[in-house]
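Next up: just one chain, as structure tokens, the form predicted alone.
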């Protein structure tokens, strides 16, 4: 037996698929080890027949979590560089959800990129107006259509040599984009299951795929929504880029940015120096944060 480093690429029915030197090893975890997730780099003890035991999770540079039962949270994926927030004209474009994703990325050392899918559908002036605010804040925007192959080359170039994840509400076309970027995805999925001879992927199982050009994509259908369970009110405010230079200008250091006297953020929103709509969505998200 030997101790080697590996990359977690999927959870299967009866174990965890770990890639070691290009080969798949089916692993169990050592007792009392924290939850292992896709994207984790781990140390494992390799045994026989492409099996092993995960002994240690190596330090993570980022971690994405989602709400679990009650007030608990559970990790979803690790060591992500970029989250691509995918949205479209249809279904209804949920800017509250987009702001939620962006706030979490700001707090998790993860870059956020906007992907406006289904460019083959008619334009919406309201959506276009909202997008000007995001671009003014420095968020990159990709306009794509998986059906017409519009913008796919530029999107693929931005994914190169990065660990990325697509997020967005159901129906915005995340799967279509993933299948366009990784046409042999199903082949790779089946190969993992066949190699390990154990279990099958479920529809919500996160899986890491390699791009031939370099870089990885974590396909995680289960993260259509990841919540604010592990953000407090101050962190939510920090998650709004336009708020960051204003927070120190508030009259009180513990300003809630709601009805507080001398709130620089509320004042800026009232004067339309920052987006009033974004500020109103911040207030809605603030109400969603679990309180002790």
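All figures in this text were calculated on a predicted structure; none of them were measured in a lab. Positions refer to the first chain, counted from 1.
Absent from the display: the form predicted in complex with a small molecule. The rest refers to it.
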Contact assignment for the small molecule in the predicted bound form, among 162, 107, 145, 207, heavy atom within 4.5 Å
145
Could you tell me which one of 129, 120, 184, 140 places a heavy atom within 4.5 Å of the small molecule in the predicted bound form?
120
I'd like to know if residue 169 sits close to the small molecule in the predicted bound form, meaning any non-hydrogen atom pair within 4.5 angstroms.
yes
Given that the partner is absent here, does residue 176 sit within 4.5 Å of the small molecule in the predicted bound form, heavy atoms only?
yes
I need the one stretch from 111 to 119, 94 to 102, 129 to 137, 209 to 217 whose residues put non-hydrogen atoms within 4.5 angstroms of the small molecule in the predicted bound form.
111 to 119
